[in-house]
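What follows is one chain in structure tokens, specifically the form predicted on its own.
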Amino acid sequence: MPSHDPDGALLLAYANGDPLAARDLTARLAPRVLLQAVRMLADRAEAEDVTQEAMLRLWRSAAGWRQGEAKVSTWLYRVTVNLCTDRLRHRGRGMALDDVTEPEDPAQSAAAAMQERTRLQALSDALAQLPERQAQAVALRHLEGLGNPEIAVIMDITTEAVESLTARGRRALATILAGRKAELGYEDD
């Protein structure tokens, strides 16, 4: 185990079943976490809660810890800062209300929704012009997001046949929809 991160060595020892490593690591790091939390929160009880949560997160990460990617103390400091920041925001002391950016509305605009419906209708009409097996393969692959092996099982064909059907179907759709690019808002695509 590398000597440049003794905390990482202790964390790996804990992950491998050494309970004394957890005790030693807690003794080394918990006081520093608590100090940082008290400085940020100005509330010892809340800082103790943050310390406990930060240490619990460290123990949960032990099994997947990749030594050499980050120092344990650095990682734990970042977790502590994030936990404190979350608490400060929650109680309204983290930032002034004027500094909070207005969240973007996740809903589409009316124009975008109308364009999306128009595009879906055009695609549906174009798919209806394809041979049934091509349309099915293209829909399963590109609308449902299934992989070729899954489609092969569904359609009871080989994956090579799926690849052929989807390729021919995409080419046919491109030809059918080519004259409608501007109408569908794809002139720049």
Partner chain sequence: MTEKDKDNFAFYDLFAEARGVAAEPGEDLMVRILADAARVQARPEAVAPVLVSMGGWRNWLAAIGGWPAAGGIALATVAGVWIGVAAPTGLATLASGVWGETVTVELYADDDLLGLLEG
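Numbering follows the first chain given and starts at 1. So that the term is clear: the rigid core is the largest set of C-alpha atoms that superpose within 1.5 Å between two forms. Not measured: the values here are computed from a predicted model.
A second form of this protein, the form predicted together with its partner chain, is not displayed here; the remarks below concern that form.
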item	value
Contact residue in the predicted complex, from 131, 31, 68, 149 (heavy atom within 4.5 Å of its partner chain)	31
Partner proximity in the predicted complex: residue 116 to its partner chain, non-hydrogen atom cutoff 4.5 Å	yes
Exercise: residue 26 in contact with its partner chain in the predicted complex, heavy atom 4.5 Å	yes
Any non-hydrogen atom of residue 160 within 4.5 angstroms of its partner chain in the predicted complex	no
Any non-hydrogen atom of residue 155 within 4.5 angstroms of its partner chain in the predicted complex	no
In the predicted complex, residues of 29-51 near its partner chain [heavy atom within 4.5 Å]	30, 31, 34, 35, 38, 39, 44, 48, 49, 51
Core-aligned CA displacement of residue 47 at least 2 Å between this form and the one not shown	no
Core-superposed comparison between this form and the one not shown, residue 15 Cα displacement 2 Å or beyond	no
Core-aligned C-alpha movement of residue 117 between this form and the one not shown, 2 Å or more	yes
